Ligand code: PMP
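Next up is one chain by itself, shown in structure tokens, the form predicted alone.
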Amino acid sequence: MSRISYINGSYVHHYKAYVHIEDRGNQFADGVYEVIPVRQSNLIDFKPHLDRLNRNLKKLKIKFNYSGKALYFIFNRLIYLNKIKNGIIYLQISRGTAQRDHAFPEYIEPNFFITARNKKINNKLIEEGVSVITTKDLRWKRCDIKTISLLPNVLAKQEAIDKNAFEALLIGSDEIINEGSSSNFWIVKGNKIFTGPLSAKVLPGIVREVLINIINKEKIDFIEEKFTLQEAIDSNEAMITNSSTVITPVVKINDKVIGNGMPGPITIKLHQLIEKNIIEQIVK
């Protein structure tokens, strides 16, 4: 079955979904995006994703007129048309099409498209954990905005793949771990959970937000605090979070084993709690 996508007001065959050559997303990476998980044909955490999208559009001064209700309808229509059971919705909004000029053009309509695809849930990730590497953080200074300007992230991820690792952790000049190329990063020391505080170098991940709410509700010891690579290596457990894989235990950093080299009990507990949260959204 041919995939169906949505672009600028129309449902089209995926292979016919095009933007103009002078789209500013294409020429300047002038746009934002969201990745929304789908479980059992249900959108997960739709509202926080929508809230973050609207914040980022405002920060970039992109005027986008679709309502949350309209987006919700389109997303669910694509889930139905593409027979998505477990997978992702990808949404991208650029400033629009105009003659190439760095300055914002006047009276321009954003270009907007959505794709949907199935994605298998890999249970081995939570059962076995993954290895990660570290690399220098070369990104721009507003990593808190989810823009489509992702080349440094792409290069970091590819370096990880080339070294048979799952993810690359981005290290600042102060030796602090900021986050992963496509994930937030956490460690466990003793029975206490740590993740870096939000800043211009840390994307406010939706799974990060949801997990912090769960941690606080369960009254688990938790601190938002910066930590170094060495502190991460010396930790009892480590994990990464994002909307694609939810929680993934990290059992090795740069060939240094974390804890006993297996997913730890706190990571497993958090995974169970967030899966429970997902199930609760499905059965509503």
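Computed from a predicted structure; not experimentally measured. We number the residues from 1 along the sequence you see.
Heads up, the form predicted together with this ligand isn't pictured, but that's what we're talking about next.
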Between V207, L71, A156, V188, only one gets a heavy atom within 4.5 angstroms of this ligand in the model of the complex; which residue is that? V207
Heavy atom within 4.5 Å of this ligand in the model of the complex - the one residue of T195, N82, S94, S181 that qualifies: S181
May I ask you to check whether Y33 falls inside a 4.5 Å heavy atom distance of this ligand in the model of the complex? yes
4.5 angstroms heavy atom contact with this ligand in the model of the complex for L203: yes
Taking the shortest heavy atom distance, is N242 within 4.5 Å of this ligand in the model of the complex? yes
Are any of the heavy atoms in R77 no more than 4.5 Å from a heavy atom of this ligand in the model of the complex? no
Of 253-261, 45-53, 223-231, 62-70, the segment with heavy atoms within 4.5 Å of this ligand in the model of the complex is residues 45-53
